[in-house]
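Presented below, as structure tokens, is a lone chain in the form predicted on its own.
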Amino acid sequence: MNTPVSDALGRIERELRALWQPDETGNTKPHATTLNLVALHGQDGCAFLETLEDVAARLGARTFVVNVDGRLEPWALEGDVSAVCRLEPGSLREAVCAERVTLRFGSMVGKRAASILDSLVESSLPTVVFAGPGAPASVLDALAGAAGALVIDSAELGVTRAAELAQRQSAQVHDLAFIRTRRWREMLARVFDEPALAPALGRVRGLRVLHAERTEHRGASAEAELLVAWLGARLGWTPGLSDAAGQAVEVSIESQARSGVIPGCMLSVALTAELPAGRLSARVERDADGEHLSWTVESPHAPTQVRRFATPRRDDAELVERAIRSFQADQLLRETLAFARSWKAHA
């Protein structure tokens, strides 16, 4: 039988308090909590939960794992409480422990998500909402506004939905898909480091982005879309993809089947621009080993430049941890998402 919200909430609160009470020998668990981490996911979230375990362990967070379970009565709430402990190296002794609360909402309880979590979070600590694959939209909308930070992945949500969330929230917003494009953005920006090439920034004429095919999302790539939107927002393009002088910029995003590359990930970016002395062509391309980016620039001012840069793989847990610890580039992401939304609406 499903448990009413008030009864379930009272039990969960009691179990949270009981976690840190002395046992029969008088010993207590070593307790340390740095933040409230509220993770939302769909029913099929095994990979996401593995990432969450890693993130929570690194941060020492009071963790809430939240989803909507269609098998429950609409106004029911179920939950489990446990302590997750890290052991001292080379022993079975608990070094530090933090709370983990699993919450399963009935379909109508999602509307009360904010008030339910408000009674369970540690009020003296910041709250981060982490939206995973299949995160219930109603619960995400309810919780995002009360969070101090919001971690999303537009590769799962879609760029338009991510832009809508960022527009509505005053919280710090981090997008894992945007973080994954960081090295690509750095490589493109480096094209214009030479003073003789800087004027080409206002005369970009073409941009071609290639990504690994993603069949379950009809070939879409949030990373590719965000890269275009970042460049457009930085260079003052219109949503119709014209530059500040009204000249059209030819943009194409294409997919290609590629083994050994995560679907949707970037494969290459090719840019062309005009200079008074001739044409500038630049290309950034993922090498076959997946660990390096090749960077090539051809211009009338210097011989062709070719360089190769290492790009260490970062798992999602590391990206999430970095996002939570970061207070940088939020405005850059917001401007990028706003441009992406306008551009997609114009298309």
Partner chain sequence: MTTLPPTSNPLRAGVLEDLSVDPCVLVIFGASGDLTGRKLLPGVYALAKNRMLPSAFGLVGFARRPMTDSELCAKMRGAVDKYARQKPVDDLVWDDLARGMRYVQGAFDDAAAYEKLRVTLDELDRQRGTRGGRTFYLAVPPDAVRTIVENLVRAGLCPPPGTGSAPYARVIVEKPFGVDLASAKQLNRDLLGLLDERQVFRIDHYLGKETVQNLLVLRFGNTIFEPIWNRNHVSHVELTVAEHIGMEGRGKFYEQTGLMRDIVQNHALQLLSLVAMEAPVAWDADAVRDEKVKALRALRPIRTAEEVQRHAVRGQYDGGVVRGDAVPGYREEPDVAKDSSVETYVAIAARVDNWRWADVPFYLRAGKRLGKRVTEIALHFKPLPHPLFDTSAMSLRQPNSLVLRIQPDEGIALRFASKVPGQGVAMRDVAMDFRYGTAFGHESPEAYERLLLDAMRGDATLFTRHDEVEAQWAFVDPISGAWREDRVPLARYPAGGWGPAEGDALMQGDHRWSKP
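Residue numbers count along the first chain shown, from 1. Bear in mind that the values here come from a model prediction, so they are computed numbers and not experimental data. Rigid core (definition): largest C-alpha set, two forms, superposition within 1.5 Å.
One more form of this protein, predicted in complex with the partner chain, exists but is not displayed; see below.
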**Report entry** Selected contact from R190, R205, R168, R208, since only one has a non-hydrogen atom within 4.5 angstroms of the partner chain in the predicted complex
**Finding:** R190
Report task. Please pick, from A137, A248, L235, L125, the one residue with any non-hydrogen atom lying within 4.5 angstroms of the partner chain in the predicted complex. Result -> L235
Report task. Name the stretch, out of 178-186, 261-269, 160-168, 105-113, where some heavy atom lies within 4.5 Å of the partner chain in the predicted complex. Result -> 178-186
Requested in this report: Look at the candidate spot formed by F48, A155 and A277 and say whether the partner chain comes within 4.5 Å of a heavy atom in all three of them in the predicted complex.
Outcome: no
Query raised in the report: Looking at the partner-bound form in the predicted complex, is L77 within 4.5 Å of the partner chain by any heavy atom?
Result: no
Query raised in the report: Taking heavy atoms only, is E73 within 4.5 angstroms of the partner chain in the predicted complex?
Result: no
Query raised in the report: So in the predicted complex, does T34 come within 4.5 Å of the partner chain, heavy atom to heavy atom?
Result: yes
**Report entry** 4.5 Å heavy atom contact, K29 to the partner chain in the predicted complex
**Finding:** no
Query raised in the report: Within 56-73, which residues have a heavy atom closer than or equal to 4.5 Å from the partner chain in the predicted complex?
Result: R58, L59
**Report entry** Core-superposed comparison between the shown form and the other one, K29 Cα displacement 2 Å or beyond
**Finding:** yes
